[in-house]
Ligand code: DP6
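Just the one chain here, the form predicted on its own, laid out as structure tokens.
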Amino acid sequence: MDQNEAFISAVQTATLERFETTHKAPSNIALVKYWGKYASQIPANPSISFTLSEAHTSSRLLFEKASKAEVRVLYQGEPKHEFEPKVVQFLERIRLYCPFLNEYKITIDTSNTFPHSSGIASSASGMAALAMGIVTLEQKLGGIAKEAMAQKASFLARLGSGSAARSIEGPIVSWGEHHELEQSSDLYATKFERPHEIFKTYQDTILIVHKGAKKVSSTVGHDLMNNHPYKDARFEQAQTHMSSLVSALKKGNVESFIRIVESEALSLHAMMMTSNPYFVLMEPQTLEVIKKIWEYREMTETPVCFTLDAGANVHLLYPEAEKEKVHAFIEDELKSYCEDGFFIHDHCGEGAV
């Protein structure tokens, strides 16, 4: 039996007429970036991320036994038909592993604490919350033990959005096979064991310089890696950065952490700028914020750094001990670059609940 077959549920038919469950799943911010994938959402390189807390999706799932499978998606109580194709595609991908879903009409009512499609991994938190709800139903049907739920939820979430695999647990999670992480897998994410204390409570203030939808979907961005002239060098760089970052996270080496994380952020955007077709995902304010962060770090020796997702918004990372000082810096120097002065103070969290 291969590893995929191990995730096929023992429950073939539904025995509950109606079941309702609500899950909150956080976004995550990759430190080493996942960019490029193979069939079945297998990553071209390993990644590692901070699980966030305040930036999350809440999803109420109602399963009702029906003669045929259906899905209805609401956003904050209102029908959101444009979300449905992606959810339908996800459910089709996971039916082999959750055959009991064939007998349910599913209503999903979801909401985010952050702007949708703006580069804060809303697909990650949304798919993670959905996967947790489905695995909770499976557990109620007697098909899975509680201790196996997180791994299967991560496996399922990956099939909806690759980075969603990393939103099930926290505070630091890796996904993708890497020789220095014994339990690592391409099929699901695993919790990073025994990080240094300083990284368990790391802070992330998300500076929203652009609230609108990002210019390029993640799916398109990943596909651009297939024929990218620098893809082999990028995948090799990611492997090297993983090794260095694993060491930094274990030893509490903040200086090394800063160097790797910022290099990864800029590498991600460099790959988009050198793809065919090419894209610039940053806004002018993004660059201004980065320059301000560098100036502040040099002047004050405060260990702040930035990372970016596949969008214009800036994640400002810093140790919890620096919170008061950095919050003042944000108010004084960075808030003016945020659209409508909007930012989210966040921190490492423990994953889906």
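Only a predicted model underlies this, so the values are computations on that prediction, with no experimental measurement involved. So that there is no doubt, residue numbering starts at 1 and follows the sequence shown.
Note that the form predicted in complex with the named molecule isn't included here; everything after this is about it.
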Answer among 240-248, 195-203, 219-227, 105-113 for heavy atoms within 4.5 Å of the named molecule in the model of the complex: the stretch 219-227
(Q) Please determine whether residue 60 contacts the named molecule in the model of the complex, using a 4.5 Å cut-off between heavy atoms. (A) no
Q. Quick one: is residue 35 in contact with the named molecule in the model of the complex, heavy atoms, 4.5 Å cut-off?
A. yes
4.5 angstroms heavy atom contact with the named molecule in the model of the complex for residue 125
no
At 4.5 Å between heavy atoms, is residue 208 in contact with the named molecule in the model of the complex? no
Assert contact residue (the named molecule, in the model of the complex, non-hydrogen atom within 4.5 Å, options 289, 326, 55, 310) equals 310
Of 134, 261, 173, 268, the only residue with a heavy atom within 4.5 Å of the named molecule in the model of the complex is 268
Residues in 157-178 that come within 4.5 Å of the named molecule in the model of the complex by at least one heavy atom, in order, are 160, 161, 162, 163, 166
